[in-house]
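This document starts with one chain, in the form predicted on its own, laid out as C-alpha cells.
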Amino acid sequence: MEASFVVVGGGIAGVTCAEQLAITFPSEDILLITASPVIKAVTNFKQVSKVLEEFDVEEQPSSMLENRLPNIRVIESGVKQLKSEEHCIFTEDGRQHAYKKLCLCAGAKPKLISEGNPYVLGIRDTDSAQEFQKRLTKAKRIMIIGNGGIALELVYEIEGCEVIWAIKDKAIGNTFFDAGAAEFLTSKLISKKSEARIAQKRTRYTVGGSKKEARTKAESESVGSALGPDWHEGLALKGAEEFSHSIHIETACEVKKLYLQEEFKKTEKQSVAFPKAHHGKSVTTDEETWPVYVELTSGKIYGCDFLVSATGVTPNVEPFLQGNNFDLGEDGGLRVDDQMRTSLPDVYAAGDICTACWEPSPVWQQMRLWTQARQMGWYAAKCMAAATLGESIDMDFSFELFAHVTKFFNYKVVLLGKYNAQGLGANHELMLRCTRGQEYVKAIMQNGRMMGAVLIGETDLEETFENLILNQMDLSPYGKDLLDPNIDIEDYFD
C-alpha cells in the first residue's frame, strides 16, 4: 500500500515527525513503522527560554497516538529492507509500503564491550532497564563501564551493592562536564543521600502480557527506544547488601579482557578486593569467587556479579544500507544536510540515526540526546512538508545554540553552547563560581565573548547566559564581575 509519508521509528524523533506531518496534512495518511509495541511521546512540554526546552517522555501504547491523530497508522514491525529507487520499504511481517517521502528515525544501538556475554548488560531501553533491576536484587558487586549520562545516574542511584566504576577519562561525566564540575558532583556521591524522592507526576506504561513473551531474545535486544534522564524512577535499584553507597572509581582505564569464572581459575591470576576506605590498609587480594572477572588496562582485575556497559551508542543504520548508496558520517550515521535530507532522493533522517553535516552555528554541536531528537524530528517534518508544497524553509532556530537541561544527582544541570570548550582550541578562558553543595557556574569565554556555559544547581542564569551567547556581546569591560554573586547580572543585560 502507498502512503505519502512514511516514518520509521517509534522513539522521540519518529513520533514527533509523524505528529507534525499529521497536523500539517490532515487529509493524508501518515504511516509510522516501529518495532516496539510502545511509542515514546513528548508530554508536559515547556519552552523554558528561546532555545531551552523541558519535557517529559512517556511510553504509550501506539493506539493512543492513533486516537489522538486519526490520520496516523502505526505498523508494529521491524524493517527488513529499503528499496529507495522503487520508493518502497519492506517490513518483517511480509508487507511492503510505498512512499512519496520517507523519514528514517530508527535511533541508535548501545555499543557493548562484549557481544553475547551473559554477564554484560547494555542499558539503552526500558526492557534492558527492567532486566538490570532484576539482576541487581541478587548482586553484591557490579562494575559499570562508561562515563556518560546513564553511567552517572546509575552510580548515584544504586544502593546496597558495591560498585566499581571504570572510566576512560580522568574525571567523571566527561561527556557533560570538566573536572571541576565532576569534583563538585563527586562530593555528593560520597555523602549520604538524605533528600526525599521527588514524586514523578506522570503515568508510566510498560509492555505487558503475552505480546512481549512472543518476542525472541534477539529481537528484544535489538529494538527499544532510548531511556531519558529519569529512567530509573520507579525502578527500585537496590542490591543484595545492607549498606547505602559503596563506590570505587577507577579512572583513566578501559576493559582489557573479560574472564568467566572457570577461565579465570586457569589463569592463576589474582583479583583485587574492593577498596574499603575506612580500613586505611592497602588493597589486598579478593578471597571471594565471582561469576565474571574484568581485567582493566591499568593491570587491576576485579571480580563481580555482572557488568553494565554504558559506553555510548552507534547509529542504527544496518537495516537500511543493503542495496542503497547512503553517504555515512564519520560516526556511522546517515549524513543529512540542513534540510534533514540524506544523500538519497526523498529520504530524510532525524535523531540518533543521523549525522548533521551542514556548517553548524559556532555555538551548536550535535549530541545524541532527547532534546535534539525532538527538534530534529519536528524540523524534518517541516522540511518534508515544504518540499511537498514546493516552498523553501529556513534552518530552525533551535540549531543556533546548543542547549540542554537535565538532572544529575538531583541537581538541575544546564549546558549551553560550547559548554566544554569543544573545538575552541587553546584560545579560550574559563570563569568559575562554585558554592560547595549548592551551585557550580562555569562560563567559557573567547575574545571577550561568551561561547558556552555549565550551570549546576538553581542558578537562574540560563536565560541571561543564553542571550549573551546568542548576541555575542563583548563582555571584556565586565571582567570578573560577570560571575560575582553579589552583582545581579540580569540587571546588566535586560
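Everything numeric in this text was worked out from a predicted model, so none of it was measured. Residue numbers run from 1 along the displayed sequence.
Keep in mind that the form predicted in complex with a small molecule is not shown, yet the notes after this line are about it.
Participant: Although the small molecule is absent from this view, report whether T406 comes within 4.5 Å of it in the model of the complex, heavy atoms only.
Facilitator: It does: once the small molecule is placed as it appears in the model of the complex, T406 has a heavy atom within 4.5 Å of it.
Participant: Report yes if any heavy atom of T175 sits within 4.5 Å of a heavy atom of the small molecule in the model of the complex; otherwise report no.
Facilitator: Yes, contact at 4.5 Å.
Participant: Taking the small molecule as it sits in the model of the complex, is E162 near enough to touch it, meaning that at least one heavy atom pair lies within 4.5 angstroms?
Facilitator: Flag for E162 set to no.
Participant: Would V414 sit within 4.5 Å of the small molecule in the model of the complex, counting heavy atoms only?
Facilitator: Residue-level check for V414: no, no contact with the small molecule.
Participant: May I ask you to choose, among N71, T388, T311, S84, the residue with a heavy atom within 4.5 Å of the small molecule in the model of the complex?
Facilitator: Only one option qualifies, and that one is T311.
Participant: Which residue among H245, R341, K168, H248 has a heavy atom within 4.5 angstroms of the small molecule in the model of the complex?
Facilitator: By the 4.5 Å criterion, the partner-contacting residue is K168.
Participant: Look at the stretches 150-158, 333-341, 263-271, 288-296 and give the one with heavy atoms within 4.5 Å of the small molecule in the model of the complex.
Facilitator: Going through the listed ranges, the match is 150-158.
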